[in-house]
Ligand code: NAD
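One chain comes next, on its own, written as structure tokens: the form predicted on its own.
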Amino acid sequence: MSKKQLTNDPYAAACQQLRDAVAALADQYEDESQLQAAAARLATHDHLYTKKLTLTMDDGHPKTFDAYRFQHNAARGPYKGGLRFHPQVSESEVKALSMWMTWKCAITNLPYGGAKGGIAVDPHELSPRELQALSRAWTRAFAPYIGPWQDVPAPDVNTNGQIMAWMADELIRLHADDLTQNYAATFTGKPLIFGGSQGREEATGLGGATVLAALARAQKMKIADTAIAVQGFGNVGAWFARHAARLGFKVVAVSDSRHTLYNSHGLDIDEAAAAKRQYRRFNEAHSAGKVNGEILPAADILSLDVNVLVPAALENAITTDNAHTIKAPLIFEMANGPTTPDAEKYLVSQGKMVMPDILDNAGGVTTSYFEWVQNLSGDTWSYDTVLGKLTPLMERSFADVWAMHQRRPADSLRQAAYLIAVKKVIDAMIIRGQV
């Protein structure tokens, strides 16, 4: 494997981040052997489940898909993490994402450990019947390893409430004779009609906008003069942009996989989202006169002269190949693992700030936790109640990271977040006698 391949390998990046945090924590443990034993366990996974799912396609021929569920660590509670349906889903990616989920739950003080799963498939190439059949097949294959007190999946890239509903229904069918648990609570991100939570769809974007506003206050930034470019205009990016604009930030650019929509005076995010739903591509919406701005290549989103760059698509969006083109002084990660370690080192060396994903995009798992609590208790919370719990939790989590950064100014914001999160998990392992 070449150095470039290794650097951009998501699991290699996740392990390096863990090693850096453990090294910085060494002086906080009298028994270094406990720390090293915990670090060794955290560098691996509790369980790695890989399956082959064979589906009969609509034309009658069988097709096999690689499927995963990786469980990183459960020292602080049941495993928790999303399911993504994407052609690039791989073992390395899922291992990294499950580890990052462990830290994300710890940084927000949720009683969960990290997990992640998915299927290597392009769901847009499946018919509705095939998509439902594949979703139910994943549930049957991994049913022994999930449950409301064992492992709680949620939506991620290319999955949604409908897919969670199919999966929850399948699991309920499999446990029809067991009335001791509410198996619908195994899956979060479900539709409201089937036990979902108010605010879940927008929670990741709203949580990120809340953290950005808190950072702006801490740095005494003028919100109205803060120009933002958002790479990725899916559920996370669109809701982030919408809430950032409502908080007074000026969102000047958003991009999809092919084009960037740019307006230096600020975009109408609701207009852009409506046009994207109708036309799917910004260039087509622009040709139809449905959006006000100019169309640029997708890659141009990274090099725009803005105050905040928000990678909100997939991991490894910012690498050593393109980091030098970034003008924004703040990179605010809304995707999981969008910045490679080498790229971050370069950016920090240039005086730029990278706000880490494990804090920025934790609003989604936080509201998933709220849904889980409602399901287990048989309760239903209002929209205002959910947001009334989410906003202060995200603000407190930011305050913890910012305070750590202020105490250790030589450390990056990511290192500050990792010191808090990794220590919480290690302390839980020690107090439980696991190391």
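One-based numbering along the sequence shown. Because the structure is a prediction, the values reported are computed rather than measured.
Absent from the display: the form predicted in complex with the named molecule. The rest refers to it.
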With a cut-off of 4.5 Å between heavy atoms, is Lys104 one of the residues that contacts the named molecule in the predicted bound form?
yes
Quick one: is Thr319 in contact with the named molecule in the predicted bound form, heavy atoms, 4.5 Å cut-off?
no
Is Gly232 near the named molecule? Define near as a heavy atom within 4.5 Å, in the predicted bound form.
yes
Looking at the partner-bound form in the predicted bound form, is Arg200 within 4.5 Å of the named molecule by any heavy atom?
yes
Could you tell me which one of Lys95, Arg76, His243, Arg84 places a heavy atom within 4.5 Å of the named molecule in the predicted bound form?
Arg84
Scan Thr339, Ser255, Thr226, Thr139 and let me know which has any heavy atom within 4.5 Å of the named molecule in the predicted bound form.
Ser255
Contact check for Leu359, Val401 and Ile420 against the named molecule in the predicted bound form, heavy atom at 4.5 Å
no
Among 149 to 157, 107 to 115, 179 to 187, 342 to 350, which stretch has residues whose heavy atoms lie within 4.5 Å of the named molecule in the predicted bound form?
149 to 157
Pick out the residues of 323 to 345 whose heavy atoms come within 4.5 Å of the named molecule in the predicted bound form.
Met334, Ala335, Asn336
